[in-house]
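Next up: a single chain in structure tokens, the form predicted on its own.
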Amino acid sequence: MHNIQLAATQIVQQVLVDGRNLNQVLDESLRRKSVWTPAQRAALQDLSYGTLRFYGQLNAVLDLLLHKHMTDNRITYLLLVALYQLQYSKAAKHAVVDHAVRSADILNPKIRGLVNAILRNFLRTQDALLVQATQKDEGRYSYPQWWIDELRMQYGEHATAILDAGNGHPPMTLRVNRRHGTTADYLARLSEQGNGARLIAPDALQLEKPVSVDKLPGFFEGRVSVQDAGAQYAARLLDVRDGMRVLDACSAPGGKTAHILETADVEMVALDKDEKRLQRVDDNLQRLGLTATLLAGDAATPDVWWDGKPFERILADVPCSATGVVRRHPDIKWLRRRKDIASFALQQTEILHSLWTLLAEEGKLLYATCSIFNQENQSVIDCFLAKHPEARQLPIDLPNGALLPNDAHDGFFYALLQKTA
């Protein structure tokens, strides 16, 4: 266990100190030690994700336990990982402490006694410490204070539910490929295998328990994909029909591209700035037996890649703060800064203006983010509409265009625009 503790400690430190992406660091760590069993890999992922998910609370508790600042950062992050295990995992308490002491012996033998004392003190006074940690918002909600303040300003009494939803474990949701059968058919196949699921949207089935994709019937034959129910709104709202020319302007990893192609026979152009991520679009389409023209290019500079033929539908799933998907990416909470939101809004505005020129008259553009901050959402749309009298925002079946994170889906924003003659 202590090797997993140490690996998780290094991962958490690289995220919080170096500002690195959690998935990337975790992948690198797993590749370095390919002999780990599936169970060990799952444990490492849980420790890394869990420590970052509850970092605000764990850090508040550690501050209460420490009488002075820890000079060795590595021990700080080891203690945070161990506190996560003691608070949230099913591992035996004495084993967690014992492994943490052994891990400390590797990192800094002089501090092993302190590590032992701190963790045993936590176990003795756990309930009181957790209550004390809630005295500050960061300790109570495990988000940066600026984030909490922003949500309270925008959502008032609903802010707490949004914060709590972001700290939950994400559901595993499937998108049934309607070209291969109905959701009812696939639900029956899952039931035959003992996998419970429920229908939560026209093509979406939410599993009672996550499973590996090789346990999903027909996955490798393209009968089903893994995609959050909130992300599945895009294909429905875009209102595509057979024969249309469609652009998915920021397409990687390809879930929305594929869903559109499963919905209608269209001429699809899938664009992405990152050539490596574009390969994932290609992989997804090949598995599903779907076809699109793949282009590496920047949505903000269409002059470089556009062939001059207008599109009847455009999906602008723009880069954003990803604040609506933090339960899948808990590192986002600690990597984002307040100033980033305004920076994303500028980038989104630039992309929206550029893509608008590619849209045919009477065509529709769907603007999408996985952000829950208004500055990236309706504020961007309002500024755009003020400068484009030929654009109108169409009503969609979502309150204020927003999907706030809950048990059924992550957080998203959608706005459907039409170009009038």
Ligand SMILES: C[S@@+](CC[C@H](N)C(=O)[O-])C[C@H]1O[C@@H](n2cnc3c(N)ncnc32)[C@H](O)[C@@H]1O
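Predicted model only: the values in this text are computed from it and were never measured. Sequential numbering from 1, following the sequence displayed.
Omitted from view is the form predicted in complex with the named molecule, to which the following refers.
Colleague: Just to confirm the contact call: exactly one of 82 to 90, 185 to 193, 137 to 145, 346 to 354 touches the named molecule in the predicted bound form at a 4.5 Å heavy atom cutoff, so which is it?
Modeller: It is the stretch 346 to 354.
Colleague: Is it the case that residue 96, even though its partner is missing from this view, gets within 4.5 Å of the named molecule in the predicted bound form, heavy atoms only?
Modeller: Judged by the heavy-atom cut-off of 4.5 Å, residue 96 is well away from the named molecule in the predicted bound form.
Colleague: Please determine whether residue 251 contacts the named molecule in the predicted bound form, using a 4.5 Å cut-off between heavy atoms.
Modeller: Flag for residue 251 set to yes.
Colleague: Is there a heavy atom of residue 222 no more than 4.5 Å from a heavy atom of the named molecule in the predicted bound form?
Modeller: Output for residue 222 is no: heavy atoms all beyond 4.5 Å of the named molecule.
Colleague: Although the partner isn't part of this model, could you tell me whether residue 298 comes within 4.5 Å of the named molecule in the predicted bound form, counting any heavy atom of the residue?
Modeller: Contact with the named molecule, yes.
Colleague: Please identify the residue among 217, 310, 319, 202 with any heavy atom within 4.5 Å of the named molecule in the predicted bound form.
Modeller: Filtering the options by heavy-atom distance leaves 319.
Colleague: Ok, 330, 255, 302, 171: which has a heavy atom sitting within 4.5 Å of the named molecule in the predicted bound form?
Modeller: Checked against the cut-off, the match is 255.
Colleague: Under the 4.5 Å heavy atom criterion, name the residues of 187 to 202 that approach the named molecule in the predicted bound form, in sequence order.
Modeller: The stretch does not touch the partner at all.
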